[in-house]
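Here's a solo chain for you in structure tokens, the form predicted on its own.
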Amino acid sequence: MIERLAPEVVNGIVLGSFYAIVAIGLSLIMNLTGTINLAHGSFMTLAGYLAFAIMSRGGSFWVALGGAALLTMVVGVAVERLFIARLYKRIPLYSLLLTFGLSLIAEESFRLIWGPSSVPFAVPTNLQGSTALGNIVLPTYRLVIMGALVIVITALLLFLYRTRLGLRLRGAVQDPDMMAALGTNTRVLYTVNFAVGVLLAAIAGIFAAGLLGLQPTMGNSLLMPAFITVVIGGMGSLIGSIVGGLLIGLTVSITTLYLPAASEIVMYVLMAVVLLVRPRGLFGEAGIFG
């Protein structure tokens, strides 16, 4: 029994980590700027394709991971400055429509440049195969992903709670007018905040490319579960995004094992149950990262 359940638990943790890291990026952007970023999945896909391009020219997987993530962050900052920043003072519907349009443009651009089908995104040989943990055999790449995403999330929490810039970001979420009155350039904070969100999406996208396959719709397929993660965890809570992501990942994975037909809808059922009990989500606080 444990031999069957353990791989699904690992799969659930990996899947939940993806949802959590993407949801954290969405939460960062939504809570500070009020932007519902429907182009978030496109940044994930872009990072995957950039990593593929770097590896196609002889770069290692880890060089591609760092280089593609940083390049995607630069693109994200450019998009934020040129387009999204102009809508910060307007109602969220404008930014929602803008980012939806950007996601459509990006998806078609990916098809034109790299084709409509999956590209052969290969993970390094030393990350392939399986690793035995006692009597349980688990995929090595999934274990690496799980460890890497834990490191990324820990680094983000340390940045937000232990650095001056992170504390200013959290302060701007609570009261941007007060931060501006104290002499803080909130425009810079908005850009840094957006850049961090895109960086998280990029890292998740590169790992997802090796796990799920790299194609133009890859990032958008992870976007809806990430929004559901935000709702379940609670808007404004980083811890809620982490718990919500892991909860969804484990629920979907275990449901796939015992009741495959329900695996597609179980996250929506879970969201409905949580909202009935906690309308703000499990850890939701109005506009505060807590």
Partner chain sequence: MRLRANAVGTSLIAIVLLALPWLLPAAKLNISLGTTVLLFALAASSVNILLGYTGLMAFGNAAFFGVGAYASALFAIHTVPSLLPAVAVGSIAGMLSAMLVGPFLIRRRGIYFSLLTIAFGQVYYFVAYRWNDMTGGEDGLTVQRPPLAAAKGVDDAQFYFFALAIFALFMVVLWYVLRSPFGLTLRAIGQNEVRARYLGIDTNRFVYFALTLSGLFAGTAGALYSMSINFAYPLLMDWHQSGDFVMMVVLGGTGTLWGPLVGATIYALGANVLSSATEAWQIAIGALFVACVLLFPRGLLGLGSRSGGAAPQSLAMEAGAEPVALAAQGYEPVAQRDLG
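Note that the coordinates shown come from a computational prediction; the quantities given were computed from them, not determined experimentally. Residue numbers count along the first chain shown, from 1.
Heads up, the form predicted in complex with the partner chain isn't pictured, but that's what we're talking about next.
Contact annotation: of the candidates L65, L223, L247, M55, the single residue with a non-hydrogen atom within 4.5 angstroms of the partner chain in the model of the complex is L223. When the partner chain is considered in the model of the complex, only one residue from L96, L143, V150, L71 comes within 4.5 Å through any heavy atom, namely L96. Each of V173, F227 and V230 places at least one heavy atom within 4.5 Å of the partner chain in the model of the complex. Interface membership of I13, defined by any non-hydrogen atom within 4.5 Å of the partner chain in the model of the complex, is ruled out.
The closest heavy atom approach of G281 to the partner chain in the model of the complex falls within 4.5 Å. In the model of the complex, the partner chain lies within 4.5 Å of some heavy atom of L87.
In the model of the complex, at least one heavy atom of G34 sits within 4.5 Å of the partner chain.
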